[in-house]
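We begin with a single chain expressed as structure tokens, specifically the form predicted alone.
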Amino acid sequence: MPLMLPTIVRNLFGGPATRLYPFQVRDSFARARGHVEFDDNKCTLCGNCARRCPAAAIEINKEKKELTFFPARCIICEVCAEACRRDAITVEVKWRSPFYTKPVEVHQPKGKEKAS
């Protein structure tokens, strides 16, 4: 009992051990993995990101001129951003809000077509 007394007193008069989440949100730290963002103005549908993605979270349809992204598959490994030569893909440090159904993002890039 005498060994527990200092711990009991410290816990009674000390502050909370955790953050009060909805009111105190933790700031993201440098190099945190948040979520992937696409810049439709820079993308040329070259397909480097889709070929390099280990989770198959990106699909390119050149006939429809669409880039389809499946965020639920994405493991945020940043390989797609490294493979993009136009810097059309960035990894943000802010987390995406949780989702209850598997969303699909369809992008129609407006960048210049790749010269064939």
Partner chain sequence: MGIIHTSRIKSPWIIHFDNSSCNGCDIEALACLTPLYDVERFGIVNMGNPKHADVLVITGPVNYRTARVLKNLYAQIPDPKMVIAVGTCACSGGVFHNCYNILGGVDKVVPVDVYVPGCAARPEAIIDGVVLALQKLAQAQGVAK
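Residue numbers count along the first chain shown, from 1. In this text the structure is predicted, and so the values were computed from the model without any measurement.
One more form of this protein exists, namely the form predicted together with the partner chain; it is left out here, but the text below deals with it.
The shortest heavy atom separation between Lys65 and the partner chain in the model of the complex exceeds 4.5 Å.
Looking at His107, you'd find every heavy atom of it more than 4.5 angstroms from the partner chain in the model of the complex. Under a 4.5 angstroms non-hydrogen atom cutoff, the partner chain in the model of the complex has Ala55 among its neighbouring residues.
The partner chain is not shown here, and in the model of the complex it never comes within 4.5 Å of any heavy atom of Arg85. For the partner-free chain shown, Ala72, Arg73, Cys74, Ile75, Ile76, Trp95, Arg96, Ser97, Pro98, Phe99, Tyr100, Thr101, Lys102 of 72 to 103 come within 4.5 angstroms of the partner chain in the model of the complex, judged by any non-hydrogen atom.
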